[in-house]
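Read the single chain below, which is given as structure tokens and is the form predicted alone.
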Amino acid sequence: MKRLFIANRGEIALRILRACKDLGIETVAAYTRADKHLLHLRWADRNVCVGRRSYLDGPQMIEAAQLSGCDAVHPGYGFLSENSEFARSVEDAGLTFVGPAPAHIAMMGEKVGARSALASAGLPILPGSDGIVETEAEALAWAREVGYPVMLKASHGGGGRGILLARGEETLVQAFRTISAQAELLFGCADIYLEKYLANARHIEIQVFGDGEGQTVHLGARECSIQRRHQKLLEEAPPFDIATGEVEALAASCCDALSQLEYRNAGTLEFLYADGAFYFLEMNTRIQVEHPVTECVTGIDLVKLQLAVADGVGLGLAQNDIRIQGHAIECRINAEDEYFVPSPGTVDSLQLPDGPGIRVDTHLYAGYSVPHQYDPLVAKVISHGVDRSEATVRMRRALEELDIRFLATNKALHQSILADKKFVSGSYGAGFIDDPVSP
């Protein structure tokens, strides 16, 4: 791999560029007209404007990569990262796709198929429908069998969208109609399925890597329970107060399942944890926003590992080589006001936290204007300590030092989370911020 096309923006684009710099790989950065002042464009070997909103225009991205003499494409997260047709088109164009095989992206992107495939491989799944729910009558029948409350989910959903809670028959009918319409509008497919809802369960995920030839390793687990409307806000590694043996057993099962599939590159399997049991939710076939907490506790650069696997070098490590050390926390800093409304604007001045155990992934700089067209994530503040207590103290210090003027952010929300008794004790679940959306 000599020259890589970065088909993304913001902090993840800068993160990919830095990994490439370390490895001596040239970079070509895509940007839109609204993004001509992105920070990573200063250091890319070449920049290519792809139009007005073309981070979602797969053919144009591929053409730009080819014309720029690239031999690989990294999609980051979001946008085209879990688009199997894009991945297939990248490979058909003779380029290396830095990610899983297109067939695996397609398999895991269709949630019903993913549930079935991983259940067959031995992973525990939530009680629910055994396939697509096509009518209100079917939904009612499955809900009676599973037991209320239940969740209706879009089969091709993602990013926290396409999910509704139903606590009884009246709300189920309304939810069925609403989610069917949303699924068609948002994802181009009206297919939905039903799962049992576990109140205030914990959201745990396993980070895996495969070499595409049957070897799969895991890099521990992350706690992602603090969410708002299914959007993650704060993540930790490792999960607090779950026996190491329980996590190891689950992670080993994940590796076995993906080894059977000959899975390639990075992947994350997400589970609910309640009453001492894990239940599979979905799999994300890409690098995760929260990957830095795993990097902190393992000392392994996950983006470099992605590039190595894509380049055919392989994993270069066995399961016994991976050790979890200490505890890490990540706070996602979004440009939004206290009512969670996005707040684009210009950064007048910027003070980033520093010191022992602190890392900040951001594309912000003084004078940068945050555009309104994209996700409001502007920074990730990560703390690492010998244990959860030290990581928490360091994160409080980091947030106190963080000063982004005069952009409205959710910094105060994170400070209130870190001060909450439930967070301090670790006795919280996915209902920490709010309950799932009801119709």
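Predicted, not measured: the structure shown is a model, and the values here were computed from it. One rule holds for the numbers: they count along the sequence shown, beginning at 1.
Another form exists, predicted in complex with a further copy of the same chain; not displayed. Remarks below refer to it.
Figure note: of the listed segments 161-169, 346-354, 110-118, 218-226, the one touching a further copy of the same chain in the model of the complex, with heavy atoms no more than 4.5 Å away, is 346-354.
In the model of the complex, Asp375 stays away from a further copy of the same chain, with no heavy atom inside 4.5 Å. The shortest heavy atom separation between Lys21 and a further copy of the same chain in the model of the complex is within 4.5 Å.
Contact check for Arg388: no non-hydrogen atom falls within 4.5 Å of a further copy of the same chain in the model of the complex. Remark: Gly299 counts among the residues lining a further copy of the same chain in the model of the complex, judged by a heavy atom distance of 4.5 Å or less. Exactly one listed residue, out of Ala183, Ala101, Val146, Val360, brings a non-hydrogen atom to within 4.5 Å of a further copy of the same chain in the model of the complex: Val360. Residues of 325-345 placing a heavy atom within 4.5 Å of a further copy of the same chain in the model of the complex: Gln325 alone.
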